[in-house]
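One chain comes next, on its own, written as structure tokens: the form predicted on its own.
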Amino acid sequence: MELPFPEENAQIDRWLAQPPDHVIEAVKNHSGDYLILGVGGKMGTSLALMLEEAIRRSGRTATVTGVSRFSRPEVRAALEEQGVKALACDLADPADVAKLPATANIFFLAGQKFGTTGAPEVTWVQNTIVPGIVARHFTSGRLVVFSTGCVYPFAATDGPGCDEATPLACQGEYASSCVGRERVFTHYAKLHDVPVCLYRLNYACELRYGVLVDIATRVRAGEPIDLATGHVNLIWQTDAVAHAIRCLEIAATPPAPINITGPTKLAVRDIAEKFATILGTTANFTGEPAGTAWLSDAGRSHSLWGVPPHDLDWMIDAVARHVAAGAPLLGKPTHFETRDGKF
């Protein structure tokens, strides 16, 4: 389903979730069911649908269960329509979590980023207390815990970026709480001998959301692009989800961290100018690129599962077509240009 690019939300969700062959083969060799904690977010839906489709194509029998508060009933209905079992649960409530079934393969996607500046205490609860509740309950199986490249310090833009051996940093409330999340899961993984993979992602893009959508919409509107954060890492959401599923294979005790992103650092100016060419307008800029940015070296994941197949030109073309068509967007800026850790 490469072309044409879909424009309706339900079509987009299914399109993003098409599993590559290597994921179908991996799922065929898995055992047990799947549980996705925090399925209601932008990545959760793609993960649930890709797993469900990969199971169907592999010929294996397994259940995919998505867990969320489901504050938007339409999300639950859409997942159940595609064969995903839905369980309503408040992960901040230990009594609710205690009812969740023991499962062989668990993905933890719950967390908070936006709104941190106004309510940092809520962010800390979601990113450290909730992981503690979850980790104390799931003392068997294997876990893939979604984290972020923001746990690293800024890296020089003329270098390869931070790899998994780079010491972590705490740049602002959000990044600090994400380091906390990793530490909590690490503690309980060691305590209960549970295999865990720490999935450090930056930044996933799709048609309706992401750094590319942020840049494209500003270019189209004639708004200036802030170049202070002049370089980024990007990965198409389909590729990011495919690698998340493969991360089950490298879960370990102590937890194994892995960087998930594209193969190169990308200049924000170049991205904006490519959008301007496609959209028939001019890109405007403000500020000058700093010599550092949140950049990750994902060489290890690429050596394991290959370089993500959707390259920058393909992603820009897809997003430009979507934005130019006036198709639906999620309306949630990433704030990728933020350098003070305040989201």
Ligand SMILES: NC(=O)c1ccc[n+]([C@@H]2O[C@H](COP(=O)([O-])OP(=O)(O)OC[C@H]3O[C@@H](n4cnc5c(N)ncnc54)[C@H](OP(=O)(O)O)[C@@H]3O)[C@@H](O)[C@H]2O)c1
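Residues carry their position along the shown sequence, with the first being 1. On a predicted model such as this, the values are computed, not experimentally measured, just so you know.
We do not show the form predicted in complex with the ligand, though everything after this point is about it.
This chain appears without its partner; in the model of the complex, the one residue of 138, 152, 174, 236 with a heavy atom within 4.5 Å of the ligand is 174. This chain is displayed alone, yet in the model of the complex one of 204, 106, 79, 244 has a heavy atom within 4.5 Å of the ligand; that residue is 204.
The candidate site formed by 43, 91 and 111 is fully in contact with the ligand in the model of the complex, as each residue has a non-hydrogen atom within 4.5 angstroms of it. A residue is said to contact a partner when one of its heavy atoms sits within 4.5 Å of a partner heavy atom; residue 185 fails this definition for the ligand in the model of the complex, lying far away. Residue contact with the ligand in the model of the complex: residue 124 places no heavy atom within 4.5 Å of it. Residue 148 belongs to the set of residues with a heavy atom inside 4.5 Å of the ligand in the model of the complex. The ligand is not drawn, but in the model of the complex it has a heavy atom within 4.5 Å of residue 70.
From the list 83-91, 267-275, 185-193, 215-223, the contact stretch for the ligand in the model of the complex under a 4.5 Å heavy atom rule is 83-91.
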